[in-house]
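Just one chain follows, in the form predicted on its own, and it is written as structure tokens.
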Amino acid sequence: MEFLNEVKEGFIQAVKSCFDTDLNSGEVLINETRKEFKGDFTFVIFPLVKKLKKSPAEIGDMLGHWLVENLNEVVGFETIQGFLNLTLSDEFWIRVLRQINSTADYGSFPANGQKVLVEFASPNTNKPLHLGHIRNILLGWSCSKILKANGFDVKNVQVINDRGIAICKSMLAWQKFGNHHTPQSAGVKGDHFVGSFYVKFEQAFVEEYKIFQQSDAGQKLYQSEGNGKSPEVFFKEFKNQYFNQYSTLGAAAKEMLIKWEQGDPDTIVLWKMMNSWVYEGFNATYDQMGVSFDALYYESETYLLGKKAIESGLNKGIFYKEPDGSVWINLEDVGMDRKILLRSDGTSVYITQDIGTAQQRYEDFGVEKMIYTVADEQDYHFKVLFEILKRLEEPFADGLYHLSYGMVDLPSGRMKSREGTVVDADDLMQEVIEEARSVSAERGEIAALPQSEQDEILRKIGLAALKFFIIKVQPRKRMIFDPKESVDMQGQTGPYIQNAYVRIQSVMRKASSFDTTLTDEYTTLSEFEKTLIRNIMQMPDVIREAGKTYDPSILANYAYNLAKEYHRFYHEVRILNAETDAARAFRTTLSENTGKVLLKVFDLLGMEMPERM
């Protein structure tokens, strides 16, 4: 906390004066005083006990008296065990607000000269973006904005998974069931249109499998390989094997994949056409969510990357080759297992292309850090990837981080893409906007505004409800998203924070113009005012911590606490009809700066503020 630098320096001087002992600033631990104790900030004096060979109480009392006598900022103290709690002067808090008010882009840090790449979204082109993607996108986007505020030069990228058997399933289903329809002719958004054929393929496959199970061939197979299992258990376990060995649809999908890999012109034309429909749909969703990318990497272009790295690793003895020609790495010495890098036929696996893609990104951007926003199901994959890149001595290997997050469920349970039970991102965004509309209709506070203005306000409220509800949860935790709960105006929600901001804008409109110089005449603060200043004073440290830990939930919860304190301040303290002009000017300035902080934090989290609601 840079505002406390003078107090920290005073503490160092006090130790020198009282005990003839030198400390450096890194040895001084200062925190906010816990609410159950009297004071504003607390110095931890336990580390001094051994050095000074005195009791905590004796050390605390001597330092406290020295600080009260010699430092204008300190007006009182209390020693509790190994903690020195200091009460700071009203003049200190007034000076803090004055400094915040005069600081341009308060909370942001200067450029640090470091480049960082953040990967997020990374969808498949066989289905639309869904609730799980929303959490991924919100985490990646907010982290990128927080890192920019911390002074990093940030590049946002995504890997688009545009090849493989799943994509071929959608393509085959369109050929069989599409009747030459397009998203335009069907009146359906492109990614939803293509995703419906992925579901149709699964439905057709399930029907085909049922027929097989009841056929003579199926019954004969069960009798010979059932091993005492019930038909239900056996055929459930046999499903993937059936797809690969017996299924007509499976064979057709695999044949299409082979044609794609061989560059068959008709297959490539179909693939490009259907992917273009999906990209148009994705871009509309990204626009609605307010996110953008600096570069796109396509798996159809990256799946061959990494082979040169494997050859280099073989030459250096990092990798080894089995008699069948496959290439492996042994990571048992660091608690992992053996990992295949090239199959015996020379084809790549996922981690091979991830190695090559990382190298390509470094070549493209020269970044020191790469952040991968990927669900926790891939934790082990990234441990392996990062270890391999370290052994290859890549210059960026020490700057790799897996932003791992838990899955998102609905109150109704888990979602399944193939069965069509996922919640599409577009549908979910529309649902929370309609929830906001329903709540707004009950309150009636924007009913007099033009419909277009109402719609824009409700869009901001609905999307903030969705985004905040997801971002406020620490990334690694699994979570349940409840659309109705997300728009609660009294809960820990985005609309609750927006309401504090809107309340501040109402104060500012009513205040119109005021003489800010009068704030210098205000000298006696209430606890509500000091608490609010203390909260807005914390923002730079919170932004730094959220960037350091890649955890936007820290910033989200800070915004909620600040909004809560402002609502309390608003109800307990007279602002526009304050007892003096100086008090009115000071409290209006305090309100204005609280609003600026809430606005900035919401922007860093990828959310917007309405002026009215």
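Residue indices: 1-based, along the sequence shown. Only the largest set of C-alpha atoms that superpose within 1.5 Å between the two forms is called the rigid core. Computed from a predicted model, the values in this text were never measured in an experiment.
Not pictured, yet referred to below: the form predicted in complex with the RNA.
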_Can you pick out, from K220, K236, K316, K477, the residue that has a heavy atom within 4.5 Å of the RNA in the model of the complex?_
K477
_Which residue, A57, V68, A582, V573, is the contact with the RNA in the model of the complex, using a 4.5 Å heavy atom cutoff?_
V573
*Look up in the model of the complex whether K53 has a non-hydrogen atom within 4.5 angstroms of the RNA, and give yes or no.*
no
*Mark E527 yes when one of its heavy atoms lies within 4.5 Å of a heavy atom of the RNA in the model of the complex, and no otherwise.*
no
*Find out whether any non-hydrogen atom of P123 is located within 4.5 angstroms of the RNA in the model of the complex, and reply yes or no.*
no
*Spell out, yes or no, whether the shortest heavy atom distance between K510 and the RNA in the model of the complex is within 4.5 Å.*
yes
_If contact means a heavy atom within 4.5 Å, which one of 106-114, 270-278, 170-178, 436-444 is the stretch that engages the RNA in the model of the complex?_
436-444
_Between the RNA and L4, L88 and D364, in the model of the complex, does every residue show a non-hydrogen atom at 4.5 Å or closer?_
no
*Going by heavy atoms, what in 587-613 lies within 4.5 angstroms of the RNA in the model of the complex?*
E611, R612, M613
*Does superposing the core leave F43 with a CA shift of 2 Å or more between this form and the one not shown?*
yes
*State yes or no: after fitting on the rigid core, is the Cα displacement of T33 between this form and the one not shown at least 2 Å?*
yes
_Rigid core superposition, N240 Cα moves 2 angstroms or more between this form and the one not shown_ = no
